[in-house]
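One chain comes next, on its own, written as structure tokens: the form predicted on its own.
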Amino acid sequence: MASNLASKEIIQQKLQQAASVLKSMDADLWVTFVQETSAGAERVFSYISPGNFTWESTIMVAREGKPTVICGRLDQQDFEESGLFAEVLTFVQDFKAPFMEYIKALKPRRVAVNFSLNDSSADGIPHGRFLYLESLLKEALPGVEIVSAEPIIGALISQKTALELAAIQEAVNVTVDILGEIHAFLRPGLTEKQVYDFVNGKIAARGLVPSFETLVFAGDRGSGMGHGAATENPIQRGDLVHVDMGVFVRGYASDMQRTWYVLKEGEEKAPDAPQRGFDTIAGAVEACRQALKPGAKGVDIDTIARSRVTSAGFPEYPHGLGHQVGRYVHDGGAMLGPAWARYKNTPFLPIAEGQVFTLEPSLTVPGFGAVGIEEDVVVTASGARYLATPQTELWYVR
């Protein structure tokens, strides 16, 4: 997860964005109700808060664009000094008093709260806290309607500002550099664990942290390939080698994969089977990039890649084509995936400009190993653009 809160500039943009979405969904108020955030906060918190809360606290955005904080008196300094909020209301003994006074004065008809049946990134409020908040709202305004804040949170997380895109681009650039260093380092006899340690050492040397656990696979490990840990399994000639990695830069993530073939003695190129597997995945990635435009649905983009893999004679891969990337490597919101129950409605949400997705179809070539290419792309008004030069040729280890 992201290791810090967003910058003041990004928070200001996100609070303004929230007010705009409130209007579009005909809601009057968005309430984020939190406590002890330094011990773990919900996904959206890092986009809207310049500091942490200890006691019961709320960040509230009204549709007129006036954000308000209610917090314990000892926490007020960060929020007052930020200049981001129209009001910072404090309490010592009981959160209820200032909250009820605020709600009764505003008289909202529809209040958005952070729960969702579809998107885990928008389902941040604990059940007990939700019940308490619900009781307060209905005590203050018996006719109030409580609705899901999913549209607000989805927009804040998904639609990146220029500042966010710049951080993601920087993370991608670092990842590309490290992938080049991996290419120079790989040789037969190294273990997966040695490659893993090399990658994490290069990340640490830059003063950064991984955006997720680095994955390294050499050869055909059968059903163990996917999200398993690196092992003492050695890289051997005739293996496909697959690395999946990313970093955080200024709180934003990258997520990329590359695939190599380890040439056998006397080989100048890969055999037909691994080459055909690689070409299938590379072709699927580019076909999906071309189809990824604002208004498209992720389920349709996923079908393009999935059908290419299966029509080439490979089994259907057991995951979605791609997810959004931002302050988390799996950022939530619309995804590029099949109509499977586990993905709820997320593959059917329309793609929007400013979203950053991975494109990561995969397959296994029996006897050789996994082929995985993962590219990060940003959706623009005219279509999707790669954030780095894509892998279009199978890389060789000699």
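Because the structure is a prediction, the values reported are computed rather than measured. Residue numbers here begin at 1 and follow the sequence given.
One more form of this protein should be noted, the form predicted together with a further copy of the same chain, which is absent from this view; the next part is about it.
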Q) Does each of Glu267, Arg276 and Ala312 have at least one heavy atom within 4.5 Å of a further copy of the same chain in the predicted complex? A) no
(Q) Taking any heavy atom pair closer than or equal to 4.5 Å as contact, tell me whether Arg129 reaches a further copy of the same chain in the predicted complex. (A) yes
Q) Looking in the predicted complex, any heavy atom of Asp177 within 4.5 Å of a further copy of the same chain? A) no
(Q) in the predicted complex, is there a heavy atom of a further copy of the same chain that lies within 4.5 Å of any heavy atom of Arg63, even though the partner is absent here? (A) no
Q. Should Trp55 be classed as touching a further copy of the same chain in the predicted complex when contacts are defined as heavy atoms within 4.5 Å?
A. yes
**Q.** Interface segment, criterion being heavy atoms within 4.5 Å of a further copy of the same chain in the predicted complex, picked from 256 to 264, 288 to 296, 75 to 83, 157 to 165
**A.** 75 to 83
Q.
Within 4.5 Å, heavy atoms only, which of Ala184, Leu117, Ala105, Ala204 is in contact with a further copy of the same chain in the predicted complex?
A. Leu117
(Q) Just to make sure I understand: among 82 to 105, which residues lie within 4.5 Å of a further copy of the same chain in the predicted complex, judging by heavy atoms? (A) Phe91, Val92, Gln93, Asp94
